[in-house]
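One chain is shown next in structure tokens, namely the form predicted alone.
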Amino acid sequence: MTDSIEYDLIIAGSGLAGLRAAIEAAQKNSKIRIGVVAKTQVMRSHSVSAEGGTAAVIQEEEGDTIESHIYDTVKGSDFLADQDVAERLCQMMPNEIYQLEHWGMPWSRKENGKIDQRNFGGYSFARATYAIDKVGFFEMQTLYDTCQKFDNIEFLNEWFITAIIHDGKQFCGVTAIELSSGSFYTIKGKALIIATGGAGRIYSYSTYALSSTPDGLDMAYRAGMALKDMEFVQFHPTGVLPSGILITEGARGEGGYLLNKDGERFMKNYAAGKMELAPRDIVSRAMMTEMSEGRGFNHDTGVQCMKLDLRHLGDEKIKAKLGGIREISIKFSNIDPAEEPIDVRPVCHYMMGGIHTNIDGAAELQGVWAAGEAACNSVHGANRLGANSTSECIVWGKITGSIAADYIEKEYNESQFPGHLVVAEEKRIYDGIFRGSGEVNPYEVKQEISDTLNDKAYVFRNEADLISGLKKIRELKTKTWKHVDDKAKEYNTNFSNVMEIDSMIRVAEVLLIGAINRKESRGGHARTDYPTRDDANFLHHTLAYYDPNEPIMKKHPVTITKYKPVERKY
């Protein structure tokens, strides 16, 4: 018999979206029990790594408008964003900036005491609200502190959720392993909010924490919910070499230059109006083009790179506005940015795709919502603008927390708990993985998955590479890597790592099939064999449904309210 616990609302994931959802639900109804369940300790959630800013319109006196933010978001998305969703984000966000401030967020300020904002790529105005270059850390600390005010929020730190249990119509609970004891639990619940973040560790050159594997996406996918637009991956232009740790866009927002080996600010040839502050997909492609045409630098690791030059900003400004970046650069590449340029190259940074939801964050199973990077409500379309992701986490954390609390109070009807599904899940992970046997080292398979995506589905893609990548992933799937050599019960990271690989393979397969099928270039998905955007055939979202043989692919319409697609120029 598995151990069992019960909550009214289960929140999977304890980053910005999960914490904001918990606070909203707890405020809405002090009687519901809320369990925030995550495989890391709260302040180890990857949200703490967000550096540059959170986008919102708070400077109307300088001419900025909500409408401008909406249009910039839609244009940045290469017209694949659902425009009603972009509007919701931009309208709700200003109040959230002030709400965070009331809860204690230490926003950076101007001389006159007002909240400061910096320039970010693709925006018409300075809109990235920041706290030096550690915005995610301070936002997380603020939200975590605020959670402490509510007696009905409980944290299950270091619990690994393995599956969603449902009766075919509505959500009933999850199964999870308490990592400290190794015990397997059923956690029953009336509603679930999935806020488990992105899947970026399916790439090896990545800004993500090692914990950012697609377990949350995969459990929704296996439970019958669609994954949407997974072919759209954001490559951030400035990952530091050799680690891939993020150098914030704030470095360019504060006036940093990108240089090729001729010492030229090459962005003038690609986006003369915006230069280094063009959207990320455009800057990343420009960098890759420069390198392929022989104007890159050779890095010691054998890869090509470009230089990010901050020297002209001066030591004082770098320390005041970009202190965290300076520290990262010194620690991880032995370069002081006040004295020499930083070696950078495009790095996997964000998934525009995720669990298919509507504008309210509702997934396709009753009683389930998704928020933050795990969700795809289509706010970012084919390319996200910088600083809109922390905004998305906060806005849909609030929305889903509120709606889920109402659902629990007014709409939830108890149904028969399907205990047989818990038995089946226990069998899948213990017989299929923990007690599995095989010759192949799972860690080598993990490396091969991420190297394959790096090599075959990077900034520029083509049919031959994508097909060989898919073939490789399917080959890896059939190998005998499903076994756990460490038999310890407590903190068995070997076991959780192999479960993560299981998720990585399924999600990588969806990404590659979506990329093969989308025979056009749009936003973060750039194909050398189909170099132009094709609205006639591909102005639609991609949905993938789970099937044991191969994903079932469908199309979903884009919501266009005001802005007809036009050519995207900067």
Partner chain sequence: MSELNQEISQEKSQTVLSPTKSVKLRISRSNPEVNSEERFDEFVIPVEKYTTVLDAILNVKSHLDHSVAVRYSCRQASCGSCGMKINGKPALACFTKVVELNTDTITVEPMDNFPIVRDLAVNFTRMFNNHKKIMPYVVREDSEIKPDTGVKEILQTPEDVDKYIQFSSCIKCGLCNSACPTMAMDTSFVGPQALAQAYRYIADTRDKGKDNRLKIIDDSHGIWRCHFAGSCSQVCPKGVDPAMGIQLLRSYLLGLRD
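Here the structure is a predicted model, which is why all the values come from computation and not from measurement. Numbering follows the first chain given and starts at 1.
There is another form of this protein, the form predicted in complex with its partner chain, and it is not shown here; the text below is about that form.
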| property | result |
| --- | --- |
| One residue of Ser389, Thr175, Thr452, Thr207 in contact with its partner chain, assessed in the model of the complex (non-hydrogen atom, 4.5 angstroms) | Thr207 |
| Listed residue (Pro106, Gly168, Gly438, Gly263) with a non-hydrogen atom within 4.5 angstroms of its partner chain in the model of the complex | Pro106 |
| Partner-proximal stretch of 425-433, 334-342, 407-415, 379-387 relative to its partner chain in the model of the complex, 4.5 angstroms, heavy atom | 334-342 |
| Non-hydrogen atom within 4.5 Å of its partner chain in the model of the complex for each of Tyr130, Gly253 and Ser402 | no |
| Pro442: touches its partner chain in the model of the complex, heavy atom cutoff 4.5 angstroms | yes |
| Partner contact for Glu61 in the model of the complex: its partner chain, 4.5 angstroms, heavy atom | yes |
| Interface membership of Thr478, its partner chain in the model of the complex, 4.5 Å heavy atom rule | no |
| Touches its partner chain in the model of the complex: Lys149 (any heavy atom, 4.5 Å) | yes |
| Residues within 4.5 Å of its partner chain in the model of the complex, restricted to 273-304 and counted by heavy atom | His299, Asp300, Thr301 |
